[in-house]
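What follows is one chain in structure tokens, specifically the form predicted alone.
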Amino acid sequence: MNFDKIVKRVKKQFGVDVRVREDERSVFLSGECDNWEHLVAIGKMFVTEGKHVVNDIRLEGYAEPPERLPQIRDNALDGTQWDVVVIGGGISGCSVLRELSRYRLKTLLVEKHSDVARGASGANDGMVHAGIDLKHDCLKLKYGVAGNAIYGDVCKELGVDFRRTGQYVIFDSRIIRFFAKGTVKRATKHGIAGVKIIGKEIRQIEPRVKDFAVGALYAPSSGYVSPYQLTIAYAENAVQNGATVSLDTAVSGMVVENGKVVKIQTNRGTVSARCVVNCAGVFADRVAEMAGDRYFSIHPRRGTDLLLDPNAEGAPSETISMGPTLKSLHSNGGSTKGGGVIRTIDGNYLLGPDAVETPDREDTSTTKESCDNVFAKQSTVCPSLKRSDVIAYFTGVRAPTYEEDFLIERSSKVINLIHVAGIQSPGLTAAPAFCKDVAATVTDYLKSEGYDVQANEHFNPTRQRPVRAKTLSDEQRDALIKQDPDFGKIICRCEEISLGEIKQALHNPLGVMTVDGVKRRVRAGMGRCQGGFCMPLVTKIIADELHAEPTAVNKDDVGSNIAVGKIKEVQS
């Protein structure tokens, strides 16, 4: 690639002087820019086959907020030794940890929040993608297609609901429908079965699509899952099989000697490991830098979703999304699939997400502009949607590299470090597949170092499905209540969640006892009132289980106390 020509183009287009250097792995950029979107666009201009982009162009006048770190400081882990340390408790880290628990290894996962699935894996639309949007051979395609194929089996093992209902991508012109023939041909080549084009009958299949629809692309292998419940299930099954999860634990540094990480420094003490797996999401490049192995950059990208009431009258019966238009066909640069109207496993619908580049890696704020843009875009394809049916909204931050592909490989510089980075959509779909290869890379490395890696003869892939009283028949529910009356005491009216289910959620293998931890596990507080009725009750239940005052109960991370004191004493 002729970098001199690109430098001149950048100067002409953005007025930025870029300095470029390269080594065998990466292209390094430096300079100053006054616009973050321009800064990201410049980084993409230097993407070249076989190399990564490290974008050190500085945003003028911007100081990145400090990373949000746990308040806990202790020595709970100090001096401990592990065969493998996994950094990050998202879908990547938790799936890798569970796969490693198939072996007789001493494994530790560290997560800086008070629960797993607190980053992009928790703020995710839950779509299990078919892979029809991927145009060329890449890791996203390889692992996305492979992961999709085994999703049902994995979810069955882990006791997590998964539905494969397909997806309709709507066309607004015959020209776009004609171009879609190439998508069908490519899907067949990539081993994605059943993809086909349908005509105006889409209006009978889904009457709520706008009457401009001239057809649709149907991908039957698409489906949906609860992303946070799957991540939790992976982590819990790993712990049940002998792995250790340390929450409220942030990595602050590493000691590297003779090309190996020998020490990992955290707020809970310094640990050592034979092998380290970097699954740190938006901070993956920072973790790589701690090990002296920074050869890629993460540029954070925000995405906002709107959650609809399950009884929303204007929602479609199928998962639909707007296909490209003649105007947008060449404009989005592959940064987003465009979102859609997506069914959730719990009966709601999600609208979104959008895609907004941000310099702040933890900017999960939700803006009116994003909400308006998401609703306007999705109501274009489904005009019957109503703003009054929106009951919640949330924002997650994706972790793309400039190459817009997964980076899953053993470091060529730090030999006991494995990177699982750049995991954005379809990362949720791909995780069941790539975690197997990551675990194989770990065990191959350990064997090469003379370590005797043996199978865990006690490994049990099955995690018992939590009781969901709402889904039981009257006879089954009656029998359950006779066995334990707590399952007959409704705490969350919107979602019909009982006291028994909340207690079940609190006694989880990870030891999470927070209001949001209960919410993620059994949906108490996810209904129309968003916890307005049940949050005080859940807080009291947690306090009782902790044998503590309600002031000791956290909403989520340590320090997020629900109550800070008593207004007045009640005298008996």
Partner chain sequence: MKYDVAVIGGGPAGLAAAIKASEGGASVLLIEREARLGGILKQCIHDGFGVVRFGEKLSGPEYAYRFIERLKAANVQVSLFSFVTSAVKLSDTYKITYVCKDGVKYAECSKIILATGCRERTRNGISIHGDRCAGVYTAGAAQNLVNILGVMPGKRIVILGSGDIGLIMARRLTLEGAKVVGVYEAKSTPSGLTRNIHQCLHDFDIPLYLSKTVTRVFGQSRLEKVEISDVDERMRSIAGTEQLVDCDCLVLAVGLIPENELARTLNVPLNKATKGATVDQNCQTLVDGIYACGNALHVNDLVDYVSESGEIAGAHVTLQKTERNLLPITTEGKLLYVVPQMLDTNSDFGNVVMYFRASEELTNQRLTVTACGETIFSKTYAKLLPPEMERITVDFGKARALGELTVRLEDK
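Since we're looking at a predicted model, the values are computed, not measured. Residue numbers count along the first chain shown, from 1.
Not pictured, yet referred to below: the form predicted in complex with its partner chain.
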query	finding
Partner-facing stretch of 50-58, 506-514, 64-72, 34-42, counted where any non-hydrogen atom is within 4.5 angstroms of its partner chain in the model of the complex	64-72
Non-hydrogen atom within 4.5 angstroms of its partner chain in the model of the complex for each of 365, 393 and 488	yes
Contact residue in the model of the complex, from 496, 404, 157, 444 (heavy atom within 4.5 Å of its partner chain)	496
Residue among 342, 481, 77, 139 with a heavy atom within 4.5 Å of its partner chain in the model of the complex	481
Any non-hydrogen atom of residue 474 within 4.5 angstroms of its partner chain in the model of the complex	yes
Touches its partner chain in the model of the complex: residue 559 (any heavy atom, 4.5 Å)	yes
Contact label in the model of the complex: residue 530 to its partner chain, heavy atom within 4.5 Å	yes
is_contact(residue 356, its partner chain) in the model of the complex, heavy atom dist at most 4.5 Å	no
Any residue of 547-565 that, in the model of the complex, places a heavy atom within 4.5 Å of its partner chain	550, 551, 555, 558, 559, 560, 561, 562, 563, 564, 565
